[in-house]
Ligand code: DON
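Take a look at this single chain in structure tokens; it is the form predicted on its own.
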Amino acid sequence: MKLWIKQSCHRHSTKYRYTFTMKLLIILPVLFVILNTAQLQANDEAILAGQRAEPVTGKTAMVVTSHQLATEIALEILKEGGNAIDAAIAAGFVLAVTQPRSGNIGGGGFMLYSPSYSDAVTAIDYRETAPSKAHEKMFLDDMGNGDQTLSRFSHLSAGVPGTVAGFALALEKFGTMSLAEVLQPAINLAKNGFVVPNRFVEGIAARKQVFDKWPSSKAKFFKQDGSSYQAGEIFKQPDLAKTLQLIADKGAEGFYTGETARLIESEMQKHGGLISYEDLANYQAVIRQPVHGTYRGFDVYSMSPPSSGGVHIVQILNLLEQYPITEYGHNSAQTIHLMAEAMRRAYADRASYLGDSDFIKVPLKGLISKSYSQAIVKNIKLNRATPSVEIKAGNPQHYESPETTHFSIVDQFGNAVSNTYTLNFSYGSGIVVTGAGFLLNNEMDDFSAKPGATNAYGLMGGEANKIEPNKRMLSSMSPTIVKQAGKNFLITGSPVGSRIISTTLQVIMNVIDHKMNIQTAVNSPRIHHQWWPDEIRIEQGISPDTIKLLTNRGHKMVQKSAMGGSQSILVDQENRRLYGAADPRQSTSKATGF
């Protein structure tokens, strides 16, 4: 059985795959009959008892994405014998068609892959890179101030896209299906269209002013007479279908060279952008070691630089591990106070130390060191907020040893994928590549335009994240896999900029500290602090009494819109059950399993 599972993680012939699947279908029912059904039912009831929300339950596999079509197609691939990587790449391409606000082939992201047969976790970095002609002062005006229009809504705002290269690399290393096979559902949806939901209609309306600037964007997102699509109507994308077909026919080269690359270069040359044909041809996705920490006996794996997410999730967990969080209670004043104090210190370090580790030395081991967290905790007061103006980056070197979307998948072999990718803003720059049918990212805004300047999410940056040619910009994306006794336990992550880190953190804490089932853990009200602005941002649902207690401790409390969109899976290895949780904050999200 172990041999079959291991072989499933590598490419093999279609004939072998279906033979393997038939063997598996014969064996699995026998295994599950052996299990005590009554015990499983009692276990489910114990997990769900007294909690406000119930997750989707599966015995064999689970898919949770931000769009129901992506979820259903990925699950179908698993049912037909594909593995988690096959399903993930199919879902990623489908989201590029059905959820253009964040699903993409014109952006980039990060993926974690954890096979069932090994403790190893692989991180795939397909973050965008700065064009070769990019320079440190490209977004500064004559007065030395940042020009947000240039960094967010112009052709200069686009980094070299990484999604297609990242997906192709993942499939080559760990998949069992061809790129053409996993792309076919997305091609069909682009060519034949899909029924648009309300969320799609509302998103287009919110970005109309941006789309109106670009004829290619207007042509894609509005009808020929200029009117808007309505919920229930069919939306077709022939140019995108053609671009996807080129990738299916020619592999990643069908995007990074040839016709598509020439269309991107032409788009740039006409509008003052910097991405060249050579930039595209030279782009490479990278396999990296994930960040690894521990929290109360669980192993936590998350994305390494150029993401700051994994570093600071582990750092914050290290700080909070020193307190009896379970005893303090979920979203109590004491718990929120400590979370905010830990978050503000981590984000202060982020501003000083985090960037592309291929260009700068990130003091990674120091930042995630338990000793470093013990030193930081000495400066946290249990009953009083520390003003952010008094907090500077720590000295982790001393502890050195020499609109975004997320989806989670666990397959029938036990392999897990956690993937987060983005265009940065909802619909990225708002610019569609003429003739190619996809949106350009505006990830260049994630660089520091100058030291001390903040990006669109209010995150302060420094020298470590300055613009340099071919450099990857800093990110908060945090695809995360938590293991228990070496086995996959929690697969999670989230969209939404700087709040990705705090959202993912709280899902982990809700499961481990507060013993919530995964759906309740995802649904629960969230809080966020990022050093600057000096405030605790909260969702609706935090008690007024708690808000008053925190205000009295010196915290500024600000209630704003919902944060994140965590699509998560919890694996009960002992009872062979999978629990999927789609975040209700995103109306099109769906979890399903079998």
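The structure displayed is predicted, hence computed values, not measured ones. From 1 onward, residues are counted along the sequence shown.
FYI, the form predicted in complex with 6-diazenyl-5-OXO-L-norleucine (DON) isn't displayed, but the following is about it.
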Q: Considering 6-diazenyl-5-OXO-L-norleucine (DON) in the predicted complex, find the one stretch among 218-226, 479-487, 356-364, 496-504 with heavy atoms no farther than 4.5 Å from it.
A: 496-504
(Q) Let me test this: is every residue among 127, 446 and 475 within 4.5 Å of 6-diazenyl-5-OXO-L-norleucine (DON) in the predicted complex, going by heavy atom positions? (A) yes
Q) Taking heavy atoms only, is residue 418 within 4.5 angstroms of 6-diazenyl-5-OXO-L-norleucine (DON) in the predicted complex? A) no
Q) Is residue 422 a contact residue for 6-diazenyl-5-OXO-L-norleucine (DON) in the predicted complex, using a 4.5 Å heavy atom cut-off? A) yes
(Q) Whether residue 404 contacts 6-diazenyl-5-OXO-L-norleucine (DON) in the predicted complex should be assessed with a 4.5 Å heavy atom distance threshold; does it? (A) yes
